[in-house]
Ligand code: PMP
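This document starts with one chain, in the form predicted on its own, laid out as structure tokens.
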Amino acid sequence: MLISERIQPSRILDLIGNTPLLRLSGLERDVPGVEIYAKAEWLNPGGSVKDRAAARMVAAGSHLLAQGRVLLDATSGNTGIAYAMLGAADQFPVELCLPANVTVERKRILQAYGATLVLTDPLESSDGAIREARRRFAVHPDRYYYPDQYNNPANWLAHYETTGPEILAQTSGRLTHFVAGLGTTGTFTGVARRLREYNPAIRFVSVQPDSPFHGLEGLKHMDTAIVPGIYDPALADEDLRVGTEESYAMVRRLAREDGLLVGISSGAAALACLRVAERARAGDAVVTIFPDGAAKYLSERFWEERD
């Protein structure tokens, strides 16, 4: 019998989700009695949590993509990489608007998958990319499928249907706090809605930069940014603001104390978890999302700094 007759092949889509939940023992030394966990979302095939939402948004527009339309969206990097990966796997074109100052690693990954890049003013951050994507779609609406990740309910539904249930299963429903950063807000929104249905006593903490001028790629300062249509601020029991430099320091700490090479937004999430855990009670369990790994940020200078 041929190998192809004995083995059922997997597709990229089959590899998305079911990421492990890791215990952050290094951080727990600062808060004896409190457990801290993180979902290792960089183990998705596209390297980030955004694979989940991108897969659902691509599925929602599959009929338009089958007609030859180009997938167009704004991104700070990770959702774009997920789109580009899926486009390469299913052979549909992808055009992405993103700030010109995203890391060189992100640009190279997108180019490797064959995506067309439209680089926007770095001073306008992800908002500039959003405005350019909207402009292009307005000019050529029949050319594009524009999922608009910041306003597409498929974004948060992906986490309501997958990430939330995974967390409940992996913690046996024991978590007391859920912490996540705000970018498109899809992860926080979807997971919080799912977990609140299970246990309204869980405390939900959102995380965002403490300044409109920050270096926390993937996160939005909601007071000054274009606010995503899917964002529901009422879901958070608390909103924590974190700084760029202290998040960089946390990224370095996670590498050295937990052996985890994670991205900048993961450092921000871990920092917020530590603050939450410092006020928690013995026996509490704090869960967060580590959206991506460090591979896309290794060219950043903060790795050379000392704490």
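Sequential numbering from 1, following the sequence displayed. Fair warning: this is a prediction, and the values are worked out from it, not measured in the lab.
The same protein also has a form predicted together with the named molecule, omitted here; what follows describes it.
Participant: Check S265 for me: does it contact the named molecule in the model of the complex (non-hydrogen atoms, 4.5 angstroms)?
Facilitator: Heavy-atom contact with the named molecule at 4.5 Å: present for S265.
Participant: State yes or no: in the model of the complex, is some non-hydrogen atom of A158 no more than 4.5 angstroms from a non-hydrogen atom of the named molecule?
Facilitator: No, A158 sits far enough from the named molecule in the model of the complex that none of its heavy atoms falls within 4.5 Å.
Participant: Contact between E95 and the named molecule in the model of the complex at 4.5 Å, heavy atoms?
Facilitator: Flag for E95 set to no.
Participant: May I ask you to state whether L219 is within 4.5 Å of the named molecule in the model of the complex, using heavy atom distances?
Facilitator: Yes, contact at 4.5 Å.
Participant: Would you mind picking the one in S125, T187, S206, T162 that has a heavy atom within 4.5 Å of the named molecule in the model of the complex?
Facilitator: The residue from S125, T187, S206, T162 that makes the contact is T187.
Participant: Go through G87, P147, P99, G183 and name the one with a heavy atom inside 4.5 Å of the named molecule in the model of the complex.
Facilitator: So the residue touching the named molecule in the model of the complex, by this definition, is G183.
Participant: Tell me which stretch of 191 to 199, 87 to 95, 231 to 239, 211 to 219 has a heavy atom within 4.5 angstroms of the named molecule in the model of the complex.
Facilitator: Going through the listed ranges, the match is 211 to 219.
Participant: Which residues from 271 to 296 come close to the named molecule in the model of the complex, meaning a heavy atom within 4.5 Å?
Facilitator: The stretch touches the partner through P291, D292.
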